[in-house]
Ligand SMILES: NC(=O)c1ccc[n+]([C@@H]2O[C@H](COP(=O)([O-])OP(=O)(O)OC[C@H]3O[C@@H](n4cnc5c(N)ncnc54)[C@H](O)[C@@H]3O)[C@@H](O)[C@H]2O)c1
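Coming up is one lone chain in structure tokens, specifically the form predicted alone.
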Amino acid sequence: MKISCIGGGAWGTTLAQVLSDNHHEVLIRDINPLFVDKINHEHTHPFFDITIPMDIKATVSLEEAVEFSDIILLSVPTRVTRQVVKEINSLLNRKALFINVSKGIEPETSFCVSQIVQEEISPMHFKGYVNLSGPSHAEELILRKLTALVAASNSATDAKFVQELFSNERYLRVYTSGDVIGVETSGAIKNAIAIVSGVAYGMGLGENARAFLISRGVKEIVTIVLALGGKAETAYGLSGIGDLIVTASSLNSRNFQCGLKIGQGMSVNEALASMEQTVEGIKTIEAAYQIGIKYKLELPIITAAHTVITNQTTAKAALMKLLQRSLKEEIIVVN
């Protein structure tokens, strides 16, 4: 089976290898000629010190990639998703199944990628949509280390198709879900909490503080998921708590690393500039904050993080404001 992967960064290339291992043909499209050249001629990627399968090909041509397959894997930063999807729509002459693996929310609209795709892909070109998400560092999956993901779609048939497309009996297990908004939202908001966790680590606050911020961060993830129409139990699964565990507690996490640098004294812009790969969490903090305003949600951690990334206050001052909030009972939403 042929699959077009739009985006040849760490995650797109890693999933291309999974598909190759599962005996599928993959063409990666990336705008970076260096990535394309290394994949085609050296069978490597600048982000990894390993050889990738020789049958994975790459191109800088979006037209070539769209023509290659009617299964389109979207692995581009959320900030450019709308533009890329518009271009894909203009090139399509048939229906396509879209599989999104990016984790973010568009700040201007508070839209998840599923909603962007629905807006920008005409009905004559839209076959279906699946979001593939879960606790997964590319640095580990590229080495074929054991990983589990969840494929979410409004179509059980499409979710099952993607489950079977990516699953294998050696290192990757995929579950299915019908809660697209829940999976997308929890997968995105956890990046914001991972930034906060990194800031705490960079400030030297200790494990107690990070456990506090992460666990209370889960409550805010659930609050936003419910406000947007998702299910609370989804946030407690692979795409929520599962992804939060690896993203908010590991130096492999680009969001955690970015937060760490901010906690150590870098400005937000300096921290972002120092990162080789896309950091979705900063934009997600802005999107989550706007969602909180729109739906009148209580999001103290997100609000505190927003004051830091917008240079309204320091991380230390934001933390002190959190601690000065009125004392209350801990309430956990379970349904």
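None of these values were measured; they are calculated from a predicted model. Start at 1 and count along the sequence shown; that's the residue number.
Just so it is clear, the following notes concern the form predicted together with the ligand, a form of the same protein that is not shown.
Heavy atoms within 4.5 Å of the ligand in the model of the complex are found in one stretch of 49-57, 290-298, 63-71, 274-282, which is 274-282. The closest non-hydrogen atom of Ile31 lies within 4.5 Å of the ligand in the model of the complex. Though the partner is left out of this view, Pro77 does reach within 4.5 Å of the ligand in the model of the complex, counting heavy atoms only. Residue contact with the ligand in the model of the complex: Leu97 places no heavy atom within 4.5 Å of it.
Interface residue remark: Ala10 is counted as part of the site for the ligand in the model of the complex, having a heavy atom within 4.5 Å. Exactly one listed residue, out of Thr147, Ser102, Ser177, Thr223, brings a non-hydrogen atom to within 4.5 Å of the ligand in the model of the complex: Ser102. Interface residue among Ser136, Gln163, Gln257, Ser114 relative to the ligand in the model of the complex, by the heavy atom within 4.5 Å criterion: Ser136.
In the model of the complex, every residue of the candidate spot (Ile6, Phe35 and Val84) has a heavy atom lying within 4.5 Å of the ligand. Scanning 205-231 for heavy atoms within 4.5 Å of the ligand in the model of the complex gives no residues at all.
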